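Heads up, what comes next is one protein chain in two forms, each shown on its own as structure tokens, labelled structure 1 and structure 2.
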Structure 1
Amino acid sequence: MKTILSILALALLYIPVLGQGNSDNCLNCHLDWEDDDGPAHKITRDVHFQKGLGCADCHGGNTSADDMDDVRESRDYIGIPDFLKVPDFCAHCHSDAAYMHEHNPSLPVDQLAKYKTSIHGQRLFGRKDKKVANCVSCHSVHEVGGGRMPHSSTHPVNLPQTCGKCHADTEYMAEYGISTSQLDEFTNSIHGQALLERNDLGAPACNDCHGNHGAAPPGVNSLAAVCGLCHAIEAELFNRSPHAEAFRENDIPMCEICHSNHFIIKPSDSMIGSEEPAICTDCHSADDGTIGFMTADSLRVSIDNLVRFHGKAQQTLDEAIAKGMMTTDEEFLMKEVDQSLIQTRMHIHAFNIDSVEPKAKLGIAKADSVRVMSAELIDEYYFRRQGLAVATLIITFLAIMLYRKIRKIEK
């Protein structure tokens, strides 16, 4: 009886394991044949596979056949899709709103339409250029992942490398006559450092400025709009500035002329002003007969004044903190000074002293209040020390007198 029970128990244990056998013969064979980097191994990380699609859903064929020849001979067998037909092949499902709604309702279904408007799509469909990117060039073939999946080639952190596969390859890009320094420049830019070094997903990757399926370089006139997607206030101020119209009329790239495009470094106050290395002097000089030169000078003076007051306030506050004084109110006000400095620098994009000066003056007034309040705390610190010294002297004197009295009575 015990033996029968043991056999039954073992059988119950093995039933779930036996049920895990794979009925997809494509995988059964390919997993045996291929090394770890082969499609059958990669496919387990593919979002399509994870959603329940199998090999035959893209490649066609009979998955229950035991022999490759039998698989190929089935009527719906596709094999490897033609490179030029890949966009239409993917769009078969991805442009079908009803079908996509069942699997991923949040995903747009206009990828193919956008792709056709892109430089990539135009060259692929128009010139049958097989070197341009199609769906699999960016999304991979068997490891397709959504942009949120960390292993995905289209995840923001991986995207610069994905684009750079072609765009940083000098030899590959030679016939197109465009620069191949973008990846290098972006990697060293403030955006690249934020995204790639600090994993700050709020920082832009290539697609945030160029688009993804409809990838195109931003035009001169659309540049402010593209940058304005994130830097909205700066864009708004710039569009109301005297520069906006002048740049448009003269085809000057708006943000790029001062900040560059891929190699955007952290802006500094030295960019403004009437002396080197201010970039204002690239266009404006003392004898150009416009007010631009004087405005650049005034803007710099305003910023410098605020920075000086901010520095003094911070220094005095730091000293009060180091002395152990309670500085919560001062620190709170100092944050407002920081905010004023940010706002003043932001308002530089209006290129109008009337917009910058009030912000700077408000910041200066607050910074001065912080300095005065902190200085009072430092004075209070020294007052406490003096008070302590007097109290200690008095108490010590009393203690000595009492000690002498004790000595006297104990003699």
Structure 2
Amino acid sequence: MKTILSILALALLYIPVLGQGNSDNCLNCHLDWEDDDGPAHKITRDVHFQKGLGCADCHGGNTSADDMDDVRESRDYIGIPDFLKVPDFCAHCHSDAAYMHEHNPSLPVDQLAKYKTSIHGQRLFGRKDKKVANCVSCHSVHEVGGGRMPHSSTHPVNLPQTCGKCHADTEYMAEYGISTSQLDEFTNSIHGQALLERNDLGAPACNDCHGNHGAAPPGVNSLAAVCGLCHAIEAELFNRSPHAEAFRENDIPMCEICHSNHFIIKPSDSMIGSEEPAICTDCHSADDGTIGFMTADSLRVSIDNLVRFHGKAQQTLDEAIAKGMMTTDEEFLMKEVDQSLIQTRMHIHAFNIDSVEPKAKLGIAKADSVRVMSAELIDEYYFRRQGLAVATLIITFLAIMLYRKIRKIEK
């Protein structure tokens, strides 16, 4: 029964192609010859096949021929393209705007042009390097899927592994002299954890920073722009900071110097200051002739003060909540304190105490209001308890007196 159902399922998948004209003998033969991992079996997952394209649309040949020699002798037979010619092979359709409009008008048609500008394309076309990535290296063969398809090699969750097939292979990459630790570092980074563990598709994958068809490592001067695609406010603050010009003059990678590139961990307040483990000490020293340490210490004091007031406010509010008091206003104000803390930490990228201190003071004032309001609620709670105790005593006393009065009347 299972075999019959499999045959019926395959038949249903192949009906669209078979219905386009003559019987597709490519599939008829290859399904018999190949095991389950063969192209004829994989192709049911391929977006081209699902949109009605058949073998001959890419490989040419006469699909009605019964003999393979007859197929090879067909006038337009292409067969398996040479690795160096794959980009032109795919671009035959994907660079044809009119053709793509009929099949998927949402796809750009400049992939080949961009690929030629990438380090991959330059080595493939310029040095005839068959180890660099071409179309099939990233998109697979016969299982090509759109980037939104979960099984696709270019789906964001799968992309690190797709790039890592080459870039994490130490032996394969040895001749290029570049690191092969990117995949491990990204996997353990805050970006990798969000994407790969929590399936957060808003987190960046490789192509969000390096591009896809025009893939290239971000340059020193473009790092702020690349990171700024997501971290726009931080990038704007940095570009107006005293660090921006100094970094450009000394070819210091902007975001990377503090946050790393692939192994980006969650930032903490301990990164700021003039003592270890603050990263400010990586570049600045007490006698470097700058105000670096003084600014770093001032920034750290502002943040620490806000964090301390935030903690006291949250602790007092939690106690009021635990006692069952109505804390709607206090909880709403506490969210503003949370926001102040986020904004204060964000303004660190301005590296200017005049930008950070006002944010911190505003947050401190709100946090203190939350603490005072919550404390008043707690005082009210104890006042109500004391009142309840007194009322209970009075009621009990009255009940006893009433009982004694009733007994006296009965006697």
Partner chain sequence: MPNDNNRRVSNLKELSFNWIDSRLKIKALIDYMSSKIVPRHNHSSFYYLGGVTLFLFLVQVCTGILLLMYYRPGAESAYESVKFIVTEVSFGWLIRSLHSWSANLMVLFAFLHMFTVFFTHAYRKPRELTWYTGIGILGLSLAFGFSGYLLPWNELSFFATRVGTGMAGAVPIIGKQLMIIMRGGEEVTGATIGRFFGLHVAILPALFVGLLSLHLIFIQRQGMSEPLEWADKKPEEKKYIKFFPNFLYRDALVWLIMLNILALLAVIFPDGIGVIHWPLGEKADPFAPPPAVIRPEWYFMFAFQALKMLPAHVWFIEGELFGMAVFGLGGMIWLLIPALDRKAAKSKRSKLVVAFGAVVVLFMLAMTIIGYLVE
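Note that the rigid core is defined as the largest set of C-alphas that superpose within 1.5 Å between two forms. Here the structure is a predicted model, which is why all the values come from computation and not from measurement. Numbers follow structure 1, counted from its first residue as 1.
**Q** Between the two structures, is it 1 or 2 that corresponds to the form predicted alone?
**A** Only structure 2 matches the form predicted alone.
**Q** Core superposed first: is there a CA shift of 2 Å or greater at residue 389 between the two structures?
**A** It does not reach a 2 Å shift.
**Q** Report, in Å with one decimal, the C-alpha displacement of residue 406 between the two structures after core superposition.
**A** Displacement of the alpha carbon, after core fit: 3.8 Å.
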